[in-house]
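As a starting point, one isolated chain is supplied in structure tokens, in the form predicted on its own.
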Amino acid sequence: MRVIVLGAGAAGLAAARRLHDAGAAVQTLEARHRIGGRVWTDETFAPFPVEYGAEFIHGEHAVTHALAAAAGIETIPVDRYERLRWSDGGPARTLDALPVVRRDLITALFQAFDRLRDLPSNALDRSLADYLRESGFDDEALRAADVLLAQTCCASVETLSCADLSRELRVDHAGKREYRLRSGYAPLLAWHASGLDIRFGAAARVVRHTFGGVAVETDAGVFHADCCVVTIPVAVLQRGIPRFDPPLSASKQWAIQAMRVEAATKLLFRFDEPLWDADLTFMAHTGLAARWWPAAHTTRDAAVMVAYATASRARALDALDEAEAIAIGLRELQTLLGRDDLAQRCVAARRVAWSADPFACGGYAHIPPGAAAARRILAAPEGATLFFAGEATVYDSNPQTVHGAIESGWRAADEALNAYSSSTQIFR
């Protein structure tokens, strides 16, 4: 059995590993000159690994833990949400230190979000904003919800489907605790990729598929196989890259176009020493750089602070030149920390804008109201030759996560193996 896997991100590597270990001849075609996709660990920005893309393990039961253990990589807990600090214009304060009204509002928002799990399906095909309005929250509360609930989904409260959120809450098996990989994600993915045939600089342009197999035309030549696992980000597929010949089914094309992909941007700041207390793990406010955390905070000399923005906030930061975006981030961070010396103490800064990456074209995908079926349809095979994986295809776990992408790669690999086994039995 010969298989081509398009993309060497978390989903593509998981699919290729599964297929390789099952005895298939696998070629993984990667457009970039590195593995990882939207996982990108940098070893040069600071004296410890800094993540430009995916950063956390979301859940104490996420499959990533078992892989990390097998690779001999340590995971360390990160307590973000239980130690959230919020700012209404001054230094960020813990929930206990906030005015009662603000503390109760933030608590109520998280409780309302959790209740989505139990709402009847006929009450869910609406935006998160509409659901919160109907639950009694005003515009001020929605601004906080946009930061605390929607930004983490790379979306706005107005475009995020409650039906999709409810599905994810019901099927979640990863848990709520968060972790980091002490060495960063890169060593884990390198371990997962060991021994695989990966062709770099091989951006897929045309995928020709018939009952008898596939031919993939790339920047590095033409590759042939019995079938193909597609893990290309949905934002790239939305741009018609690669072209499928014959075209994908109408339902598949609908699912691709139904999804929303927004900008996702990180601002990273390295200082001459940590300028915050050791208990700080997460800050948020309604500013442009809305969500902040110290990178590798368990390392005492880890003097790096990360800002993460998505959707309209990320688009606004991306529209500026890098120096101006960094200056805005520093000003907001000064307010959050209650300091006025950050510009002088900053020794390095960088903006990472995923919307500018031609092989990502934004962050992870979210589902708008009315498109709750899109993930399952995107995940469905096309005949016995095209199989689909990636975080956007995750319908029975957590999309928008590394572990969800890994699980989707395993699913697509198993579908390909089963289809090939069935077809060979038919023609015996």
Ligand SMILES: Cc1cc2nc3c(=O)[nH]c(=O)nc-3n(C[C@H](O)[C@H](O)[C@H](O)COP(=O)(O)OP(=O)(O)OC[C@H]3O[C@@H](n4cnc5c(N)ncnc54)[C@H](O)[C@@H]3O)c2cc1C
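Computed from a prediction, not measured in an experiment: that's the story for all the values here. When you see a residue number, it is the position in the sequence shown, counting from 1.
Below, we turn to the form predicted together with this ligand, even though it does not appear here.
Exercise. Does every residue of 11, 53 and 232 put a non-hydrogen atom within 4.5 angstroms of this ligand in the predicted complex?
Worked result: Yes, because 11, 53 and 232 each have a heavy atom that approaches this ligand to within 4.5 Å in the predicted complex.
Can you say which of 65 to 73, 377 to 385, 26 to 34, 42 to 50 gets within 4.5 Å of this ligand in the predicted complex, counting heavy atoms only? Contact-bearing stretch, as computed: 26 to 34.
### Message
Even though the partner isn't displayed, in the predicted complex is residue 292 close enough to this ligand, meaning a heavy atom within 4.5 Å?
### Response
No - in the predicted complex, heavy atoms of residue 292 and this ligand never come within 4.5 Å of each other.
Q) Contact between residue 266 and this ligand in the predicted complex at 4.5 Å, heavy atoms? A) Yes - in the predicted complex, heavy atoms of residue 266 and this ligand come within 4.5 Å of each other.
- Task: Report whether the minimum heavy atom distance between residue 204 and this ligand in the predicted complex is within 4.5 Å.
- Result: Close contact exists here: in the predicted complex, residue 204 approaches this ligand to within 4.5 Å, heavy atoms only.
Q) Is residue 354 close enough to touch this ligand in the predicted complex, meaning at least one heavy atom pair within 4.5 Å? A) Within the cut-off, so yes.
I need to confirm a contact call. Of 236, 174, 256, 98, which residue comes within 4.5 Å of this ligand in the predicted complex, counting heavy atoms only? None of the other options qualify; the answer is 236.
Ok, 105, 348, 241, 302: which has a heavy atom sitting within 4.5 Å of this ligand in the predicted complex? Of 105, 348, 241, 302, the residue with a heavy atom within 4.5 Å of this ligand in the predicted complex is 241.
- request: Any residue of 163 to 180 with a heavy atom within 4.5 Å of this ligand in the predicted complex counts; write them all down in order.
  value: Contacts from 163 to 180: none.
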